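Read the single chain below, which is given as structure tokens and is the form predicted alone.
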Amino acid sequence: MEKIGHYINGKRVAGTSGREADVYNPATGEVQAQVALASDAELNTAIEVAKQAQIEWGATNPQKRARVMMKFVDLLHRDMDKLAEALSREHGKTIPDAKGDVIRGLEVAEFCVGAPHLLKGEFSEGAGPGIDMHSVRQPLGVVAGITPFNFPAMIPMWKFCPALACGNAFILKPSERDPSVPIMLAELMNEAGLPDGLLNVVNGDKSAVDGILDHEDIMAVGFVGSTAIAEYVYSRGAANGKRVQCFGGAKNHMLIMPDADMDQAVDALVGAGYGAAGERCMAVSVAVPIGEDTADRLMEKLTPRVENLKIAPYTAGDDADFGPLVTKEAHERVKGYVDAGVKEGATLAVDGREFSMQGYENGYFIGGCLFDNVTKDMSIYKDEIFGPVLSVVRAKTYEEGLDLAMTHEYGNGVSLYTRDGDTARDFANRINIGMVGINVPIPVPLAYFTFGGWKRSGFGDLNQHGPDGFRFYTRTKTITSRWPSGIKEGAEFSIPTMN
């Protein structure tokens, strides 16, 4: 059986802690590998290696760092098929979806090629009598990322690409459920010219997370996962004086106005609600048709589409709409929420709980589930299910639909389908959610904007990638200079001013 260790100082190393976790094939339910869970000593070794390597890397000019990113992008294109196959094998998502996972990370690497421009400071000549002032952005040192199972390529690259481009060293603690791709990415970074020791992948569980949060040489931590853990990471990391950005759960609403193109809205709901088996923090999990007629038209078109979703292992290629859930525990949790929705009184229009595939009976497959007549007091509305379950909540008016999204505890993403520009403008201006789509179902910003939710979907002041990524992984230093010919004799005892 394959043994997956860590990646430290430019090479794969076996785990030495004696602790391991099973890595499953979600399509068959079989254990396909075992991943080492790091000890404190292994984590400390990776941090010390990173600390030493960062000194020279931080002094390397940004253009040379950018060239490493350029080469890394080329290598990602070269190895796209290999990365996607490894990702699908451990996660379960389809090959096209896996390639999308890699590409959205690749786009952040492309943005980081602009590091020389993004790291420029400011300068003011003659800010005072004979005084010049300038600012510079400098790396923090050693930083870390704790990333989730659902995007094992994209989110690690969202973290380590800007961090490295800024001159930091990086410790990556990926999910132990699908650990192969993060190590492959680290190998490609070294092949692209990144010096050894600057990107280390340490596999582990809560012990490794706590070790990162408590270590005095880790200056900043980025996290993506559930809200409960995001809040824990943020609180513990901040209490230890670290800069922390954490992104948690979501319950993304799509409002469908009476004037919306219903075919477009249904296409959007099917793709955004059921793609990747719903295991996306930007998945649409709540549809809010405005008015009974709109709701009836929506359900008439949506129900047969959900009934006819194609579910298959990743080896089926382009013939599958989505694959299995990632683990047996995830499968049981999602089925449990569907059971609860029925018990709470929602109408289960499409029931995918008993879906089974010949030859893959032990896989973690579940069919698409569609609820109608869901109310805001039900658990299937309040909680993040993270599975192929879509809830339709009927709203009588636009204001009622808007209120649903605005009063939910999560504020990651939201979308509106309409032909009316006034409604769209009002919606975009008033909604208290971080990422908004107008006739766009999954409003994930491109790499040169920033990604981040509001309310209990995000903790911290700065978002992921885009300009915020460079701000998060650097600190500003401001220098005020005056030379002897401009200095008056005698001590000055009052605070300097412009008077």
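Predicted model, so just to flag it, every value in this text is computed and none were measured. Residue numbers here begin at 1 and follow the sequence given.
Another form exists, predicted together with a small molecule; not displayed. Remarks below refer to it.
Proximity to the small molecule in the predicted bound form, taken as a non-hydrogen atom within 4.5 angstroms, holds for one residue of 72, 364, 223, 417, which is 223. Only one of the listed residues (111, 386, 371, 314) places a non-hydrogen atom within 4.5 angstroms of the small molecule in the predicted bound form, and that residue is 386. The small molecule in the predicted bound form comes within 4.5 Å of a heavy atom belonging to residue 176. Proximity of residue 291 to the small molecule in the predicted bound form: non-hydrogen atoms within 4.5 Å are absent; the residue sits far from the partner. A residue is said to contact a partner when one of its heavy atoms sits within 4.5 Å of a partner heavy atom; residue 54 fails this definition for the small molecule in the predicted bound form, lying far away. The small molecule in the predicted bound form is approached by residue 206, whose closest heavy atom lies within 4.5 angstroms of it. Checking 269-277, 81-89, 240-248, 102-110 against the small molecule in the predicted bound form, the stretch whose residues place heavy atoms within 4.5 Å of it is 240-248.
For the candidate spot formed by 155, 412 and 464, every residue has a non-hydrogen atom within 4.5 angstroms of the small molecule in the predicted bound form.
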